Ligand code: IMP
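The chain below stands alone and is given as structure tokens, in the form predicted alone.
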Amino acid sequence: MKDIRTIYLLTGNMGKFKEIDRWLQPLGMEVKLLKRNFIETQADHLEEVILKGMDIINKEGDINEPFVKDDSGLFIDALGGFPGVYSSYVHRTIGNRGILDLMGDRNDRGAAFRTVMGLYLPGKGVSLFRGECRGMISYEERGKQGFGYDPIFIPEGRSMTFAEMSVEEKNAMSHRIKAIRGLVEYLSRG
């Protein structure tokens, strides 16, 4: 999209901001922070959370520029996909220790981190980009890097948790980077 010079990112997470900015700068796009105080709509699927959130921003009507919003979650197979769309709330309330307690000594430790990223383009509407990283839940917290559930998530084919990896190692396989790559590919086609 050669005519896009600025994209706003709706987030309070500066790590996300830096990551997306790093990928869009080579396309000649500046990423600016879009701050909004609104209660995020809860829904059964990440896609619904994103679409409803973007609709709220659009209805406010004070921005007619491209913007991006994303949401991520940890989906644990043995817990029926829990915490899923409630990952942020669950992490704040019971944390990694609580998830490990819920898992107990179960053998089925399969899980996936998922991200859905929405891009709003004036006159074109919303496009969604998805990323997933399969893996498993560890039996204990390990590592000091990253944030959130990183100390208990071991990506497929690896023996270290995300929290034991360098930022570069994690970013090479993370759910968010896969969604960002889809966004960059879409914008590059322009």
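Numbers for residues come from their place in the sequence shown, where the first is 1. Since we're looking at a predicted model, the values are computed, not measured.
This protein has a second form, the form predicted together with this ligand, left out of what is shown; the following refers to that one.
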Margin query: Within 4.5 Å, heavy atoms only, one stretch in 118-126, 28-36, 148-156, 135-143 touches this ligand in the predicted complex. Which?
Written below: 148-156
Notebook entry, point to check: Taking the shortest heavy atom distance, is residue 109 within 4.5 Å of this ligand in the predicted complex?
Noted result: no
Note to self: Can you work out whether residue 178 and this ligand are in contact in the predicted complex, taking contact to mean some heavy atom pair no more than 4.5 Å apart?
What the structure shows: no
Notebook entry, point to check: Taking this ligand in the predicted complex, which residues along 101-115 bring a heavy atom to within 4.5 Å of it?
Noted result: 113
